[in-house]
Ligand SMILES: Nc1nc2c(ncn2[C@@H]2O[C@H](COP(=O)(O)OP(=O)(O)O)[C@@H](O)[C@H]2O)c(=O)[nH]1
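This document opens with one chain alone, in structure tokens, the form predicted alone.
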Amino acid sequence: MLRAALIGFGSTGKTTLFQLMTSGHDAPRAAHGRGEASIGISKVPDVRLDRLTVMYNPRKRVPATVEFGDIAAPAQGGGARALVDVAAYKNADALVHVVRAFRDPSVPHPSGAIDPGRDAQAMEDELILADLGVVERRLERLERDLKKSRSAELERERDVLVLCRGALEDGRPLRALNLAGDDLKRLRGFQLLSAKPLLVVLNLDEADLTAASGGTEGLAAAIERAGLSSFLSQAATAAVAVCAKIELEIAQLDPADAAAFLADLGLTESGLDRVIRASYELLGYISFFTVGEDECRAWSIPQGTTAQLAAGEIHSDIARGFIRAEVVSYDALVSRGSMAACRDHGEVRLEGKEYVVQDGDVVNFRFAT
């Protein structure tokens, strides 16, 4: 399951967005103490799962889910450092930064004028400072350990962290380093915040929403007006536009009225759908499906996941006893109308554990118990 953590300063609409992302589903799990996050689950909309459900008429339809964490807005000037020890933030796959672009005199901005570019950079600076503290403390311990005993692994970890410290001291987030392979693995245990992919959610006025949601050109224009173009040019960073207040109201309507309201605004999908789709694209996530009379289900995995690892998303026993995967594409299954017809036309493939699962694959795993 994809995990995302919401960040944002006060009066940005962050909590409203959290309510939007989790509305209509199970009640979010509230924070019970300082340093804890409220946790909510969003169901991932997928018309392919809808179609498969109609085909199989299963007892259960189970969409993929995204977990969102929300914590009280930090104060500018060191507040983001408190996020370092919050489990929902340390373990998040991505950060979702809610940036205010709406104008509302009844909700004054803590910094005065509305300036999304300034706020985005201010939060980035907070994350960088929080990570710099973590890196410096680890380097101090490493230096002590290396004086006692030389180790090639510890020396390489030190070299990577020195590289990270240099970037952070220059004001660059760690996601901009594009670390890969073993070097990236060395950092994972620290769960550094500025190394995580960042989705900026531009929280607009209702009047600006339609234009900003009208394809890539509309979003690009909104980003330019917000002064975020240069900020969003860095690696592993993306943006999406919403009007959290009005879209939360829409989400609480019945489906027919919500669809009509969205159409009146000129929107083809809800704010929930747009944020989740942007999160998937940013992280390179895809979905595969398992189908049958008992259950039709969507599973989220990173691009490049092998069949055996994908099987582990369902259950560790399936991955451990993996024999083979029977795979057919969603398009072929829907076109033929049944798995039997796909087999007759040679469109069901037998794949081994190293097969890379593709978006839309319908998979049946064979395994030994």
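The first residue of the shown sequence is 1; numbering continues from there. Given the structure is predicted, the values throughout are model-derived calculations rather than measurements.
Although it is not shown, the form predicted in complex with the ligand is what the next lines describe.
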query: Lys245: touches the ligand in the predicted complex, heavy atom cutoff 4.5 angstroms; finding: yes
query: Partner contact for Ser194 in the predicted complex: the ligand, 4.5 angstroms, heavy atom; finding: no
query: Asp104: touches the ligand in the predicted complex, heavy atom cutoff 4.5 angstroms; finding: yes
query: 4.5 angstroms heavy atom contact with the ligand in the predicted complex for Phe9; finding: yes
query: Proximity to the ligand in the predicted complex (heavy atom, within 4.5 Å), stretch among 200-208, 119-127, 147-155, 295-303; finding: 200-208
